[in-house]
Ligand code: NAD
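Before any questions on how it binds or moves, here is one chain, the form predicted alone, in structure tokens.
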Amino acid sequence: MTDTYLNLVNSGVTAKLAKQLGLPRPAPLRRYRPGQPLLDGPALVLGPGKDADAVASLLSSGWDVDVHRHAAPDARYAAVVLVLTEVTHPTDLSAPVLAAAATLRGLARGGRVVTVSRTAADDDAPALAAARQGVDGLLRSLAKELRGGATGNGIVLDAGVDVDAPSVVGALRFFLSTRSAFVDGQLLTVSSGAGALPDDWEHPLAGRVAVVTGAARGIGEAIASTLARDGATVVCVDVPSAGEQLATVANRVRGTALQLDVTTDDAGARILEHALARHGRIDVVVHNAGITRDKLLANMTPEKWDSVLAVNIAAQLRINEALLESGDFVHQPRIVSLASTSGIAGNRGQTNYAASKGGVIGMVRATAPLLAAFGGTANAVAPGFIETEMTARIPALTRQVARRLNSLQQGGQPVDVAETVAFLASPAAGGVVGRVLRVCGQNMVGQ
């Protein structure tokens, strides 16, 4: 769906008029294209100690980025990385943060700011906990100040996780890249040193077989396409009534189609049977299928409540149970479920939907330990306002307000959700366990 307002305020006479009137001027976001460089310009790495040196070395020698360790007076940086893992007192934040501040006016359009810090633990000394928790507030506030399509995100390392652990490196690359265009103001915790870095960053899912439910259209179609682009063989699943569209998507991504109602008791068994018979394995399951039946709770009917819970959470639980009991879902498996910002913050008229999506968040948190023995993970992606057929049915004025409320002042695209799913499905995310990553432009509004 086209955002006409965004296009108008970024072209010709209307752009000048919007500036004179002080109207919001959302910047077109740069999204990933195969073969593009990680960064279109130099990166500034700030922070004390060996961890900052290690990050600078990774960027310069591993990813061929022009890295500066001290801000140059006239440099226009594509990214600023604040490595704050070794701060022990809130006053330790001053030097690196204020050095970064001096560069922000010259941050390139679509630039990136990424913090790397450590978890504030209950048994930390008060000053240490204050310093570490302070990074959370710093990052979220800074992300709201950035303009020109720039984003700010953070990586948080649990105790015992080194800065060069695969999932720290993978998260850093994701946040620096254009794959994370609509991910803003988020802090992603890396819980362990598990995972592996791909030999080919363009095809990190090569050799993997992924199942995507609700794949015939919208976000599901984008997920199937993105996983296939990244090297996966994709099983596209949707209801029989979407059979023609499903076949088109499956053919385009060179995968296979499975017409299936995910709420049936044997849905998990049929998914396993299809994947094993056609592709010999199953490695990734993306639970994307979902519905809405919005009503104020006072007007809610049993049919509307029960149908949403059946599709959005009960089906996922049943399919996961079949996978875990099969003995075939053991090759560093990945479960990625679609939650929603409604399941985190709530949304008027969506008690059923929010309950189901909040349930998804609880489910992945509890499922992740069950996959640990196989090197597996379960995580969730929580979209905000995404431009889909569903949001196109929202009244025009409400739709415009929802677009402008986030820090990037626009709606996301289905591919933004798909890129985040692809990262969490990759071997490089093996240390990200039971987490929720929002794709919302730093807002809590929308589906």
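Bear in mind that the values here come from a model prediction, so they are computed numbers and not experimental data. In case it trips you up, residue 1 is the first one in the sequence shown, and so on.
The protein also exists as the form predicted together with ligand NAD; that form is not presented, and the subsequent description refers to it.
At a distance of at most 4.5 angstroms from ligand NAD in the predicted bound form, all three residues Arg217, Ile386 and Glu389 contribute at least one non-hydrogen atom.
Contact annotation for Asn288: at least one heavy atom lies within 4.5 Å of ligand NAD in the predicted bound form. Proximity of Ala171 to ligand NAD in the predicted bound form: non-hydrogen atoms within 4.5 Å are absent; the residue sits far from the partner.
Contact check for Ala210: every heavy atom lies farther than 4.5 Å from ligand NAD in the predicted bound form. Although the partner is absent from this view, Leu260 contacts ligand NAD in the predicted bound form, with a non-hydrogen atom inside 4.5 angstroms. Between ligand NAD and the residues Thr377, Ser340, Thr115, Ser167, the one pair within 4.5 Å by heavy atoms in the predicted bound form involves Ser340. Out of the listed residues Leu309, Val239, Ala99, Leu187, Val239 is the one that sits within 4.5 Å of ligand NAD in the predicted bound form by at least one heavy atom. Stretch 218 to 226 is the contacting one of 268 to 276, 218 to 226, 143 to 151, 321 to 329, since its residues have non-hydrogen atoms within 4.5 Å of ligand NAD in the predicted bound form.
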